[in-house]
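Listed next as C-alpha coordinates is one chain, alone, in the form predicted on its own.
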(Lines give C-alpha, C1' and ligand atoms only; values in the text may rest on other atoms or scores of the structure.)
Protein backbone atom coordinates (compact mmCIF):
# COMPACT_ATOMS: atom_id res chain seq x y z
CA UNK A 1 0.00 0.00 0.00
CA UNK A 2 0.99 3.66 -0.30
CA UNK A 3 1.64 3.70 3.44
CA UNK A 4 4.45 1.22 2.78
CA UNK A 5 6.32 3.46 0.33
CA UNK A 6 9.02 4.63 2.73
CA UNK A 7 9.80 1.13 3.99
CA UNK A 8 9.79 -0.20 0.43
CA UNK A 9 12.09 2.61 -0.72
CA UNK A 10 14.49 1.66 2.05
CA UNK A 11 14.28 -2.02 1.14
CA UNK A 12 14.99 -1.18 -2.52
CA UNK A 13 17.78 1.23 -1.53
CA UNK A 14 16.12 4.30 -3.03
CA UNK A 15 16.59 7.70 -1.42
CA UNK A 16 14.04 9.52 -3.55
CA UNK A 17 11.33 8.92 -6.13
CA UNK A 18 10.68 11.13 -9.17
CA UNK A 19 7.54 10.81 -11.30
CA UNK A 20 6.86 12.66 -14.56
CA UNK A 21 3.84 13.40 -16.70
CA UNK A 22 0.09 13.89 -16.53
CA UNK A 23 -2.13 12.95 -13.62
CA UNK A 24 -4.44 10.97 -15.92
CA UNK A 25 -3.63 7.87 -17.98
CA UNK A 26 -0.34 7.55 -16.11
CA UNK A 27 -0.45 4.74 -13.54
CA UNK A 28 2.55 5.92 -11.51
CA UNK A 29 1.34 9.51 -11.19
CA UNK A 30 -2.24 8.36 -10.68
CA UNK A 31 -1.14 6.11 -7.83
CA UNK A 32 0.96 8.77 -6.12
CA UNK A 33 -1.49 11.66 -6.53
CA UNK A 34 -4.94 10.17 -7.04
CA UNK A 35 -5.06 11.62 -10.55
CA UNK A 36 -6.25 14.90 -11.98
CA UNK A 37 -6.13 17.25 -14.94
CA UNK A 38 -2.55 18.42 -14.55
CA UNK A 39 0.91 17.67 -15.89
CA UNK A 40 4.05 18.08 -13.86
CA UNK A 41 6.59 16.34 -11.69
CA UNK A 42 6.34 14.68 -8.29
CA UNK A 43 9.37 14.34 -6.05
CA UNK A 44 9.38 12.30 -2.87
CA UNK A 45 12.33 12.06 -0.53
CA UNK A 46 12.34 8.92 1.58
CA UNK A 47 10.82 9.74 4.95
CA UNK A 48 9.19 12.94 3.70
CA UNK A 49 5.81 13.60 2.05
CA UNK A 50 5.78 13.99 -1.73
CA UNK A 51 5.77 17.39 -3.41
CA UNK A 52 3.84 17.96 -6.65
CA UNK A 53 5.22 20.57 -9.04
CA UNK A 54 2.71 22.01 -11.51
CA UNK A 55 1.98 24.98 -13.77
CA UNK A 56 0.09 27.98 -12.40
CA UNK A 57 -2.90 27.36 -14.65
CA UNK A 58 -3.29 23.85 -13.18
CA UNK A 59 -2.78 24.83 -9.54
CA UNK A 60 -6.39 24.20 -8.49
CA UNK A 61 -6.44 20.75 -10.07
CA UNK A 62 -3.14 19.88 -8.43
CA UNK A 63 -4.38 21.14 -5.07
CA UNK A 64 -7.27 18.65 -5.20
CA UNK A 65 -4.74 15.85 -4.69
CA UNK A 66 -4.22 17.03 -1.12
CA UNK A 67 -0.45 16.94 -1.62
CA UNK A 68 1.96 19.78 -1.02
CA UNK A 69 2.19 21.66 -4.32
CA UNK A 70 4.72 24.09 -5.73
CA UNK A 71 4.40 26.11 -8.89
CA UNK A 72 6.88 25.50 -11.67
CA UNK A 73 6.46 29.16 -12.61
CA UNK A 74 7.95 30.19 -9.24
CA UNK A 75 11.26 28.84 -10.56
CA UNK A 76 11.08 31.48 -13.32
CA UNK A 77 11.60 29.16 -16.30
CA UNK A 78 11.55 32.04 -18.80
CA UNK A 79 14.32 33.86 -16.93
CA UNK A 80 16.33 30.63 -16.84
CA UNK A 81 15.84 30.23 -20.57
CA UNK A 82 17.14 33.75 -21.14
CA UNK A 83 20.05 33.11 -18.76
CA UNK A 84 21.12 30.11 -20.83
CA UNK A 85 20.69 31.85 -24.19
CA UNK A 86 17.62 29.88 -25.20
CA UNK A 87 19.08 26.45 -24.35
CA UNK A 88 15.96 24.70 -23.00
CA UNK A 89 17.89 21.68 -21.72
CA UNK A 90 20.22 23.80 -19.59
CA UNK A 91 17.28 25.87 -18.34
CA UNK A 92 15.28 22.76 -17.36
CA UNK A 93 18.34 21.24 -15.69
CA UNK A 94 18.80 24.37 -13.59
CA UNK A 95 15.12 24.32 -12.60
CA UNK A 96 15.30 20.68 -11.52
CA UNK A 97 18.45 21.39 -9.50
CA UNK A 98 16.53 24.02 -7.55
CA UNK A 99 13.52 21.72 -7.11
CA UNK A 100 15.70 18.89 -5.82
CA UNK A 101 17.50 21.22 -3.42
CA UNK A 102 14.18 22.57 -2.11
CA UNK A 103 13.10 19.00 -1.32
CA UNK A 104 16.40 18.17 0.35
CA UNK A 105 17.44 15.69 -2.34
CA UNK A 106 21.09 16.36 -3.17
CA UNK A 107 22.58 12.88 -3.09
CA UNK A 108 21.54 9.24 -3.32
CA UNK A 109 19.62 6.90 -5.62
CA UNK A 110 16.53 8.32 -7.33
CA UNK A 111 14.05 5.92 -8.94
CA UNK A 112 12.18 7.36 -11.93
CA UNK A 113 8.60 6.69 -13.12
CA UNK A 114 6.01 8.21 -15.41
CA UNK A 115 4.68 8.61 -18.93
CA UNK A 116 6.62 11.16 -20.97
CA UNK A 117 8.37 11.60 -24.30
CA UNK A 118 11.45 9.49 -23.75
CA UNK A 119 14.05 11.44 -25.73
CA UNK A 120 13.73 14.75 -23.90
CA UNK A 121 13.46 13.09 -20.51
CA UNK A 122 16.53 10.95 -21.17
CA UNK A 123 18.49 14.08 -22.10
CA UNK A 124 17.26 15.90 -18.97
CA UNK A 125 18.21 13.07 -16.62
CA UNK A 126 21.66 12.77 -18.19
CA UNK A 127 22.22 16.52 -17.82
CA UNK A 128 20.90 16.52 -14.26
CA UNK A 129 23.15 13.58 -13.40
CA UNK A 130 26.17 15.57 -14.64
CA UNK A 131 25.07 18.69 -12.78
CA UNK A 132 24.38 16.81 -9.53
CA UNK A 133 26.98 14.02 -9.41
CA UNK A 134 25.82 12.94 -5.99
CA UNK A 135 22.60 11.63 -7.54
CA UNK A 136 22.15 8.33 -9.36
CA UNK A 137 18.98 7.96 -11.45
CA UNK A 138 17.58 4.44 -11.58
CA UNK A 139 14.96 2.79 -13.78
CA UNK A 140 13.15 -0.43 -12.92
CA UNK A 141 11.58 -3.28 -14.86
CA UNK A 142 9.47 -6.20 -13.76
CA UNK A 143 8.56 -6.25 -10.09
CA UNK A 144 9.14 -2.57 -9.41
CA UNK A 145 8.86 -0.72 -6.13
CA UNK A 146 5.49 0.70 -7.15
CA UNK A 147 4.23 -2.70 -8.31
CA UNK A 148 5.15 -4.07 -4.90
CA UNK A 149 3.32 -1.22 -3.17
CA UNK A 150 0.28 -1.64 -5.43
CA UNK A 151 0.03 -5.38 -4.71
CA UNK A 152 -2.31 -4.58 -1.80
CA UNK A 153 -5.01 -1.92 -1.85
CA UNK A 154 -6.35 0.49 0.76
CA UNK A 155 -10.03 1.22 1.49
CA UNK A 156 -10.28 4.01 -1.10
CA UNK A 157 -8.79 1.82 -3.83
CA UNK A 158 -11.13 -1.04 -2.93
CA UNK A 159 -14.15 1.28 -3.14
CA UNK A 160 -13.09 2.52 -6.56
CA UNK A 161 -12.53 -1.01 -7.91
CA UNK A 162 -15.86 -2.13 -6.46
CA UNK A 163 -17.64 0.70 -8.27
CA UNK A 164 -15.92 -0.31 -11.52
CA UNK A 165 -17.12 -3.87 -10.93
CA UNK A 166 -20.70 -2.64 -10.57
CA UNK A 167 -20.39 -0.61 -13.78
CA UNK A 168 -18.86 -3.57 -15.61
CA UNK A 169 -21.53 -6.08 -14.64
CA UNK A 170 -24.29 -3.55 -15.41
CA UNK A 171 -22.88 -3.24 -18.94
CA UNK A 172 -22.63 -7.03 -19.23
CA UNK A 173 -26.29 -7.33 -18.23
CA UNK A 174 -27.20 -4.67 -20.79
CA UNK A 175 -25.22 -6.60 -23.42
CA UNK A 176 -27.12 -9.78 -22.60
CA UNK A 177 -30.47 -8.01 -22.88
CA UNK A 178 -29.47 -6.35 -26.13
CA UNK A 179 -28.36 -9.59 -27.81
CA UNK A 180 -31.22 -11.68 -26.43
CA UNK A 181 -33.74 -9.10 -27.59
CA UNK A 182 -33.03 -9.85 -31.25
CA UNK A 183 -34.83 -12.35 -33.42
CA UNK A 184 -33.11 -15.19 -35.25
CA UNK A 185 -33.36 -16.64 -38.73
CA UNK A 186 -31.68 -19.89 -39.77
CA UNK A 187 -29.54 -19.90 -36.60
CA UNK A 188 -28.35 -16.32 -37.25
CA UNK A 189 -29.17 -13.37 -34.99
CA UNK A 190 -30.76 -10.62 -37.05
CA UNK A 191 -31.36 -6.90 -36.57
CA UNK A 192 -34.75 -5.23 -37.13
CA UNK A 193 -33.74 -4.39 -40.72
CA UNK A 194 -33.14 -8.08 -41.44
CA UNK A 195 -29.34 -7.93 -41.60
CA UNK A 196 -27.18 -10.09 -39.30
CA UNK A 197 -26.06 -8.76 -35.92
CA UNK A 198 -22.25 -8.68 -35.84
CA UNK A 199 -19.47 -8.62 -33.28
CA UNK A 200 -18.79 -5.02 -34.32
CA UNK A 201 -22.42 -4.04 -33.66
CA UNK A 202 -22.20 -5.38 -30.12
CA UNK A 203 -18.82 -3.82 -29.37
CA UNK A 204 -19.96 -0.36 -30.45
CA UNK A 205 -22.83 -0.61 -27.95
CA UNK A 206 -20.49 -1.79 -25.18
CA UNK A 207 -18.28 1.27 -25.62
CA UNK A 208 -21.32 3.55 -25.57
CA UNK A 209 -22.75 1.97 -22.42
CA UNK A 210 -19.42 2.23 -20.62
CA UNK A 211 -19.06 5.90 -21.55
CA UNK A 212 -22.59 6.61 -20.33
CA UNK A 213 -21.55 5.23 -16.94
CA UNK A 214 -18.36 7.27 -16.74
CA UNK A 215 -15.95 4.47 -17.65
CA UNK A 216 -13.33 4.10 -20.37
CA UNK A 217 -12.25 1.15 -22.46
CA UNK A 218 -8.61 1.90 -23.40
CA UNK A 219 -7.60 -1.76 -23.77
CA UNK A 220 -10.62 -2.75 -25.88
CA UNK A 221 -13.02 -5.63 -25.26
CA UNK A 222 -12.85 -9.29 -26.17
CA UNK A 223 -16.13 -10.40 -27.71
CA UNK A 224 -15.16 -13.39 -29.81
CA UNK A 225 -17.22 -16.20 -31.31
CA UNK A 226 -16.46 -19.69 -32.61
CA UNK A 227 -12.80 -20.34 -33.36
CA UNK A 228 -11.83 -16.88 -32.10
CA UNK A 229 -13.31 -17.74 -28.71
CA UNK A 230 -10.71 -20.51 -28.50
CA UNK A 231 -7.75 -18.12 -28.93
CA UNK A 232 -7.58 -16.48 -25.48
CA UNK A 233 -6.63 -12.95 -26.51
CA UNK A 234 -8.41 -12.81 -29.86
CA UNK A 235 -10.57 -9.70 -29.55
CA UNK A 236 -13.05 -10.99 -32.12
CA UNK A 237 -13.62 -10.12 -35.78
CA UNK A 238 -16.00 -7.13 -36.07
CA UNK A 239 -17.53 -8.62 -39.23
CA UNK A 240 -18.33 -12.01 -37.64
CA UNK A 241 -22.04 -12.78 -37.41
CA UNK A 242 -23.64 -13.89 -34.15
CA UNK A 243 -24.96 -17.43 -34.52
CA UNK A 244 -26.81 -19.75 -32.18
CA UNK A 245 -24.97 -22.54 -30.41
CA UNK A 246 -21.44 -21.15 -30.79
CA UNK A 247 -19.32 -20.22 -27.81
CA UNK A 248 -18.80 -16.50 -27.24
CA UNK A 249 -16.05 -15.39 -24.85
CA UNK A 250 -16.92 -11.96 -23.46
CA UNK A 251 -13.93 -10.52 -21.59
CA UNK A 252 -14.40 -6.90 -20.56
CA UNK A 253 -11.80 -4.85 -18.66
CA UNK A 254 -12.71 -1.16 -18.48
CA UNK A 255 -11.30 1.49 -16.17
CA UNK A 256 -12.33 4.72 -14.52
CA UNK A 257 -12.36 7.84 -16.66
CA UNK A 258 -8.90 9.33 -16.76
CA UNK A 259 -7.15 5.96 -16.79
CA UNK A 260 -7.87 5.03 -13.19
CA UNK A 261 -8.69 1.68 -11.59
CA UNK A 262 -9.61 -1.29 -13.77
CA UNK A 263 -11.98 -4.19 -13.41
CA UNK A 264 -11.64 -7.53 -15.22
CA UNK A 265 -14.51 -9.90 -15.94
CA UNK A 266 -15.29 -12.77 -18.34
CA UNK A 267 -18.30 -14.88 -19.14
CA UNK A 268 -18.85 -17.46 -21.87
CA UNK A 269 -22.21 -17.61 -23.62
CA UNK A 270 -23.92 -19.80 -26.15
CA UNK A 271 -26.92 -18.11 -27.71
CA UNK A 272 -30.14 -20.12 -27.61
CA UNK A 273 -28.61 -23.50 -26.82
CA UNK A 274 -25.27 -25.20 -26.17
CA UNK A 275 -24.07 -28.20 -28.20
CA UNK A 276 -22.96 -31.20 -26.14
CA UNK A 277 -19.25 -30.58 -26.75
CA UNK A 278 -19.49 -26.93 -25.64
CA UNK A 279 -21.59 -27.88 -22.62
CA UNK A 280 -19.06 -30.52 -21.53
CA UNK A 281 -16.16 -28.09 -21.82
CA UNK A 282 -18.10 -25.43 -19.94
CA UNK A 283 -18.98 -27.84 -17.13
CA UNK A 284 -15.30 -28.73 -16.72
CA UNK A 285 -14.24 -25.09 -16.59
CA UNK A 286 -17.06 -24.31 -14.16
CA UNK A 287 -15.97 -27.18 -11.95
CA UNK A 288 -12.39 -25.91 -11.81
CA UNK A 289 -13.54 -22.31 -11.29
CA UNK A 290 -15.82 -23.30 -8.38
CA UNK A 291 -13.13 -25.49 -6.83
CA UNK A 292 -10.50 -22.76 -6.85
CA UNK A 293 -12.91 -20.13 -5.57
CA UNK A 294 -13.85 -22.40 -2.67
CA UNK A 295 -10.20 -23.06 -1.79
CA UNK A 296 -8.85 -19.47 -1.80
CA UNK A 297 -7.13 -18.59 1.46
CA UNK A 298 -5.28 -15.55 2.67
CA UNK A 299 -1.48 -15.74 2.72
CA UNK A 300 -1.13 -18.46 0.08
CA UNK A 301 1.36 -18.01 -2.76
CA UNK A 302 -0.73 -17.39 -5.87
CA UNK A 303 1.14 -19.81 -8.13
CA UNK A 304 0.13 -22.68 -5.82
CA UNK A 305 -3.39 -22.29 -7.21
CA UNK A 306 -2.02 -22.36 -10.75
CA UNK A 307 -0.51 -25.76 -9.91
CA UNK A 308 -3.87 -26.85 -8.51
CA UNK A 309 -5.64 -25.88 -11.74
CA UNK A 310 -3.11 -27.85 -13.77
CA UNK A 311 -3.72 -30.86 -11.53
CA UNK A 312 -7.48 -30.63 -12.08
CA UNK A 313 -7.34 -30.15 -15.84
CA UNK A 314 -4.70 -32.83 -16.39
CA UNK A 315 -6.86 -35.29 -14.45
CA UNK A 316 -9.64 -34.51 -16.96
CA UNK A 317 -7.29 -35.29 -19.85
CA UNK A 318 -6.46 -31.75 -20.96
CA UNK A 319 -2.97 -30.55 -21.84
CA UNK A 320 -1.72 -27.69 -19.65
CA UNK A 321 1.13 -25.20 -19.91
CA UNK A 322 2.87 -27.14 -17.16
CA UNK A 323 3.13 -30.12 -19.49
CA UNK A 324 3.75 -28.11 -22.65
CA UNK A 325 4.57 -24.37 -22.34
CA UNK A 326 3.95 -23.97 -26.09
CA UNK A 327 0.54 -25.68 -26.12
CA UNK A 328 -2.11 -24.08 -28.34
CA UNK A 329 -5.07 -26.00 -26.99
CA UNK A 330 -6.24 -27.10 -23.57
CA UNK A 331 -5.31 -24.91 -20.60
CA UNK A 332 -2.84 -22.46 -22.09
CA UNK A 333 -2.49 -19.51 -19.71
CA UNK A 334 -2.09 -18.75 -16.03
CA UNK A 335 -4.90 -18.68 -13.50
CA UNK A 336 -4.97 -14.95 -12.83
CA UNK A 337 -3.22 -11.68 -12.06
CA UNK A 338 -3.49 -8.63 -9.88
CA UNK A 339 -5.74 -5.75 -10.96
CA UNK A 340 -5.47 -2.06 -10.15
CA UNK A 341 -4.23 1.00 -12.03
CA UNK A 342 -2.85 -1.49 -14.55
CA UNK A 343 -4.97 -4.28 -15.96
CA UNK A 344 -2.14 -6.69 -15.11
CA UNK A 345 -0.42 -6.20 -11.76
CA UNK A 346 0.96 -8.28 -8.96
CA UNK A 347 0.29 -10.75 -7.49
CA UNK A 348 1.09 -12.95 -10.46
CA UNK A 349 0.38 -16.66 -10.84
CA UNK A 350 2.27 -17.57 -14.03
CA UNK A 351 5.78 -18.61 -14.93
CA UNK A 352 7.28 -15.29 -13.81
CA UNK A 353 5.55 -15.40 -10.41
CA UNK A 354 7.61 -15.73 -7.26
CA UNK A 355 6.90 -16.76 -3.70
CA UNK A 356 6.45 -13.04 -2.97
CA UNK A 357 3.26 -13.05 -5.07
CA UNK A 358 0.99 -13.82 -2.15
CA UNK A 359 -2.78 -13.47 -1.77
CA UNK A 360 -2.26 -11.16 1.17
CA UNK A 361 -5.04 -9.14 2.82
CA UNK A 362 -5.77 -6.25 0.50
CA UNK A 363 -4.79 -8.12 -2.68
CA UNK A 364 -7.09 -7.72 -5.69
CA UNK A 365 -6.74 -10.42 -8.33
CA UNK A 366 -8.55 -12.40 -11.01
CA UNK A 367 -9.49 -16.06 -11.09
CA UNK A 368 -9.95 -17.07 -14.74
CA UNK A 369 -9.45 -20.72 -15.70
CA UNK A 370 -10.28 -21.61 -19.28
CA UNK A 371 -10.15 -24.31 -21.94
CA UNK A 372 -9.51 -23.68 -25.63
CA UNK A 373 -9.91 -25.92 -28.66
CA UNK A 374 -9.62 -23.86 -31.87
CA UNK A 375 -10.10 -26.81 -34.22
CA UNK A 376 -13.46 -27.50 -32.56
CA UNK A 377 -14.37 -23.82 -32.52
CA UNK A 378 -14.93 -23.98 -28.77
CA UNK A 379 -13.41 -21.73 -26.12
CA UNK A 380 -14.61 -21.29 -22.54
CA UNK A 381 -13.36 -18.91 -19.86
CA UNK A 382 -14.94 -17.73 -16.61
CA UNK A 383 -13.46 -14.84 -14.67
CA UNK A 384 -14.21 -12.76 -11.60
CA UNK A 385 -12.14 -10.12 -9.84
CA UNK A 386 -11.61 -10.99 -6.19
CA UNK A 387 -10.59 -9.06 -3.07
CA UNK A 388 -8.79 -10.82 -0.24
CA UNK A 389 -10.43 -9.06 2.68
CA UNK A 390 -8.64 -8.24 5.95
CA UNK A 391 -10.69 -11.00 7.65
CA UNK A 392 -9.27 -13.58 5.21
CA UNK A 393 -12.45 -13.99 3.14
CA UNK A 394 -12.09 -13.93 -0.66
CA UNK A 395 -14.89 -11.69 -1.93
CA UNK A 396 -16.06 -11.24 -5.51
CA UNK A 397 -16.64 -7.52 -6.02
CA UNK A 398 -19.58 -7.81 -8.38
CA UNK A 399 -21.28 -11.22 -8.52
CA UNK A 400 -22.96 -12.06 -11.82
CA UNK A 401 -24.61 -15.26 -13.12
CA UNK A 402 -22.30 -17.87 -14.61
CA UNK A 403 -24.92 -19.36 -16.97
CA UNK A 404 -23.67 -20.65 -20.29
CA UNK A 405 -26.84 -20.43 -22.37
CA UNK A 406 -28.31 -17.02 -23.11
CA UNK A 407 -31.99 -17.54 -24.03
CA UNK A 408 -32.98 -15.69 -27.17
CA UNK A 409 -36.17 -13.86 -28.09
CA UNK A 410 -36.83 -12.18 -24.73
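Here the structure is a predicted model, which means the values were calculated and not measured. Positions refer to the first chain, counted from 1. The term rigid core refers to the most C-alpha atoms you can superpose between the two forms while keeping them within 1.5 Å.
The form predicted together with another copy of the chain exists for this protein as well; it is not shown, and the discussion that follows is about that form.
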| query | finding |
| --- | --- |
| Listed range touching another copy of the chain, judged in the predicted complex by heavy atoms within 4.5 Å, from 267-275, 137-145, 280-288, 184-192 | 137-145 |
| 4.5 angstroms heavy atom contact with another copy of the chain in the predicted complex for residue 24 | yes |
| Contact label in the predicted complex: residue 316 to another copy of the chain, heavy atom within 4.5 Å | no |
| Contact of residue 41 with another copy of the chain in the predicted complex (heavy atom, 4.5 Å) | no |
| Any non-hydrogen atom of residue 122 within 4.5 angstroms of another copy of the chain in the predicted complex | yes |
| 219, 154, 307, 102 - the one with a heavy atom within 4.5 Å of another copy of the chain in the predicted complex | 219 |
| Interface residue in the predicted complex among 234, 198, 320, 175, criterion: non-hydrogen atom within 4.5 angstroms of another copy of the chain | 234 |
| Within 4.5 Å of another copy of the chain in the predicted complex: residues from 53-71 (heavy atom criterion) | 56, 57, 58, 59, 60, 61, 64, 71 |
| Rigid core superposed: residue 376 CA moves 2 Å or more between the shown form and the other one | no |
| Rigid core fit then residue 314 CA moved by 2 Å or more between the shown form and the other one | no |
| Cα displacement of residue 87 between the shown form and the other one reaching 2 Å, rigid core superposed | yes |
